[in-house]
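In structure tokens, one chain follows: the form predicted alone.
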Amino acid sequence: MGGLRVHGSPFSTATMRVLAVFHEKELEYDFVQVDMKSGEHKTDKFLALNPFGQVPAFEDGDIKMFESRAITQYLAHTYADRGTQLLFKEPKKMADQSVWVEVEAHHFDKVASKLAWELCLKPMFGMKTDEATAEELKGELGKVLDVYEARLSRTTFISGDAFGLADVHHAPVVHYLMSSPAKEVFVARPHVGKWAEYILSRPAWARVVALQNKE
């Protein structure tokens, strides 16, 4: 286990996504904080780990990876026998989760990350929120969450009847938005609101937030 290492920022949603899986799988790892304010992620040393100059980067012995969702899937498959079972073997359940992993990346995150930037991250960096843009994004997110509400009226989790990888992938951006005025977009949809509160109440997620609070 000593070979597991994550290079990233505790405030980066992509880094948080990977850390959440580490804690769900109960894996020990070394966390190497990357100073993004000083541009450490654009140095030659870091670019050797991620040529796009973005966090996180990941090492497992001689295996080196970047792209958070690829890393989480590697961890879920490689350490399937550890901690929370995040994958499903039954074909239909596997198919459903695969679809919602893609939905998170291509529909939810596309809008929600921009909204989190406006409402949460800009103020964190001393920048002013563009209120008009935020309102427009809230409307767009609402349309996506209408689809989620229909899904969650039939299943307990976005992954299906059991908590899984697709749920974990949502947690970082949901974390930011549920502590912002965008919370109303979630709680206005009862099934979505209940799901959001659950994924943020998991002990594994609390450990991700603890690292953020430490910094």
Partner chain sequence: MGLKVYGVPMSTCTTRVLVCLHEKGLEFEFVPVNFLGGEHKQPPFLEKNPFGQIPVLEDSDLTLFESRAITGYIADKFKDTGCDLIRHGDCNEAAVVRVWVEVEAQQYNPAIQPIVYQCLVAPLIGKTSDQKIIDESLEKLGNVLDVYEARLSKIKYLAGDHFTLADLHHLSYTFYFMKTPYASLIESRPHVKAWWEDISSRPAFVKVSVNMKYEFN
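Positions refer to the first chain, counted from 1. Because the structure is a prediction, the values reported are computed rather than measured.
The same protein has a further form, the form predicted together with the partner chain, not shown here; the description that follows concerns it.
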| property | result |
| --- | --- |
| Listed residue that, although the partner chain is not shown, lies within 4.5 Å of it in the predicted complex (heavy atoms), from Gln33, Ser180, Gln54, Thr156 | Gln54 |
| Contact test in the predicted complex: Trp100 vs the partner chain, heavy atoms, 4.5 Å | yes |
| In the predicted complex, Val187 touching the partner chain (heavy atom, 4.5 Å) | no |
| Touches the partner chain in the predicted complex: Tyr74 (any heavy atom, 4.5 Å) | yes |
| Touches the partner chain in the predicted complex: Ala105 (any heavy atom, 4.5 Å) | yes |
| Residues from 114-133 in contact with the partner chain (non-hydrogen atom within 4.5 Å) in the predicted complex | none |
